[in-house]
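Presented below, as structure tokens, is a lone chain in the form predicted alone.
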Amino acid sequence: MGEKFLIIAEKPKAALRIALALSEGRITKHRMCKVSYWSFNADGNTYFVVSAAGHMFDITSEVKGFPVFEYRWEPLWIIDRNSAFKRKFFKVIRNLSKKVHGYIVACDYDVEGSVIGYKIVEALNGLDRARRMIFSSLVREDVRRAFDNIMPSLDWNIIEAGLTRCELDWLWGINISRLLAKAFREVTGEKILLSAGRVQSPTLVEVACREEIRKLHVPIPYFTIRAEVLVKDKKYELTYVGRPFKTKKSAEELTSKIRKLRIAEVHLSTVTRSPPPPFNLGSLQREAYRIYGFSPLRTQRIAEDLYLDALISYPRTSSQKLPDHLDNLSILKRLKEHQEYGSIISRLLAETKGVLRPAEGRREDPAHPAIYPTGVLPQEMNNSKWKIYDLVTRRYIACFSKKAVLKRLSAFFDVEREVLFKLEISGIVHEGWTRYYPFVKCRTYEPADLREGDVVEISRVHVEMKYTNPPRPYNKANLLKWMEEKQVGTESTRARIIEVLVKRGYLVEWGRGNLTTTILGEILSEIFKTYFPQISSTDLTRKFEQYIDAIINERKRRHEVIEEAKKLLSKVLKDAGEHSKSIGIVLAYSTNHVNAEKCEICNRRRLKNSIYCAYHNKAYTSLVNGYTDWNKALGSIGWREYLMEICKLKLTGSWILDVAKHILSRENIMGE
């Protein structure tokens, strides 16, 4: 008689897919505690496939106050009443464990999945009988390959790294949050829930710093020259490339001298654009935001659903490379059966003659390859899922195509031997990969009859006033990119962190998905920068991320990293604790829990010897300094006229606008 084994998947859909793949469809469905599980026989053994419900255990502590460095792992249904449903899943696993000889962890192969599987098997006292399955998609071939190559033990390095990350995040969050709550309670006598975190806090500080620059932006005028030339009955708009003009007068002086333009140089070049690599999670999230306006978290959740449906490979990856063993020709032939892709794949296979060499990026992920369609054809799905699936599939198809070829004509125009203008005409002459990936704009190249030494007729020339721009606001997509570049968070956590900042009321969306800080977000950012500068910096967050990677590579040990974090937190908490009253007062004023003289514009506390809060006081100073720059640029402008112009401009920072309007309203009242 054979042995019995328990295969633990992370979610119910994954459990069913694994059972179907390993049993050749000959499975028995069971129900216990209203939870489904499956069994099958193979190689003389019996296998039960059961699902966890995501994370089943988390960290808690009975220690009150802070610092708190003593903690333990407990079932989530004990810690959080909202997780009570997870208890029945664990009950099924525990009951089945009583009749099996060993365990096979088949949770997602990343730090989260490895910790989920580890904590379950640990609770069953089965660590010495546990093995690990590793796969990157839920198609039959990949699951079978993983089953045939089961690791003889658990992936201990990844487990250690995952436990380290969980414990670091908990230590950071619980201690800083409790310090803030205590400071607030000491001043107001009331409770408040404020969250802070190892990844969350530096991300909030970054947005707040960018937004402060934007809100204090005074648009300063500068001048350029617009010129339009006529060449063989065709008009071309030229770009001014001369020295910028700080005053209107100097721009007008040069403009008055321009009568004709001579073509000083003409360059015609051919430019190639390589196919983009297949998506990793970050690039998929940014592209879905650019094309469809999907938030990164929405894209991530849709991609995870597509993975569970076996339509795409595992999405939480940073890789831009496809696996060497992947049978791309078979995948393309299966995709070719779908009406959306039949004609373009036929064209691709004819173009490549069946020799498929994917374009790949530099980034690698030791756990998973880039995201690719598995070749399983989608059945009915909603519009959102189709959009993400189609995006992944077309990107995958395009990566096997040829380079796109563009022509670029660059012409430079001079006046009295000084180059002042440039004309650039570019367009595509060979579509290459762009015919398979229609989400890029490509115009056809149109040649222009321009020759060096020719003198061209000016149809129009005039001075154009422009204004300095503030930095671009963050949206969820470019904030995610900043987090990637700074190595803040992981592929699976970044989108969730951004949503947490919005949910907590620290950030809010405006316009077309732009992010800005709320008053509470501004205040918390100031507190973090002032009292927790080290632990709210990206440098420290990145340092500990590198430690976590070092644990995976056996260059660090978990207890060493945790002890270093505890020492650091002890010092930070001690230093910040000495300013507890100041922190509490700032929080109390910002949440209107303490009466104070208010800024004449907003509800923030008024500065001593000022009618404004700290933010609007900075704005007033910037507004006064900007007036000097405006006078230099325009020659002369009255104060009132300046303020009225500032109020008209969309580029004006919101705090600057507040102050300008307030001054004008006060002048009107005084005038009356």
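Residue indices: 1-based, along the sequence shown. The term rigid core refers to the maximal set of C-alpha atoms that superpose within 1.5 Å between the two forms. For clarity, every value in this text was computed on a predicted model and none was experimentally measured.
Quick note: we don't show the form predicted in complex with the DNA, though the next part is all about it.
Taken together, the three residues R210, R290 and W433 all stay farther than 4.5 Å from the DNA in the predicted complex, as judged by their closest heavy atom. This chain is displayed alone, yet in the predicted complex one of E112, E360, E499, D309 has a heavy atom within 4.5 Å of the DNA; that residue is E112.
Taking a 4.5 Å heavy atom cutoff to the DNA in the predicted complex, the contact residue among V355, L193, V455, A350 is L193.
Interface membership of Y222, defined by any non-hydrogen atom within 4.5 Å of the DNA in the predicted complex, is ruled out.
Among residues of the shown chain, D108 is one whose heavy atoms approach the DNA to within 4.5 Å in the predicted complex. The shortest heavy atom separation between G173 and the DNA in the predicted complex is within 4.5 Å.
For G54, a non-hydrogen atom is located within 4.5 Å of the DNA in the predicted complex, even though that partner is not displayed.
In summary, the region of this chain contacting the DNA in the predicted complex, judged by heavy atoms within 4.5 Å and restricted to 473-481, 162-170, 333-341, 372-380, corresponds to 162-170. Along 64-79, these residues reach a heavy atom to within 4.5 Å of the DNA in the predicted complex: K64, L76.
Core-superposed comparison between the shown form and the other one: the CA of R81 exceeds or equals a 2 Å shift. The rigid-core alignment places the CA of A660 less than 2 Å apart between the shown form and the other one.
Here F66 counts as shifted, since its C-alpha moves by at least 2 Å between the shown form and the other one after the core is aligned. The pair T164 and Y314 separates in the predicted complex: their C-alpha atoms are at least 3 Å more distant from each other than in the form depicted. An increase of at least 3 Å in the separation of the C-alpha atoms of E304 and T164 is found in the predicted complex, compared with the displayed form.
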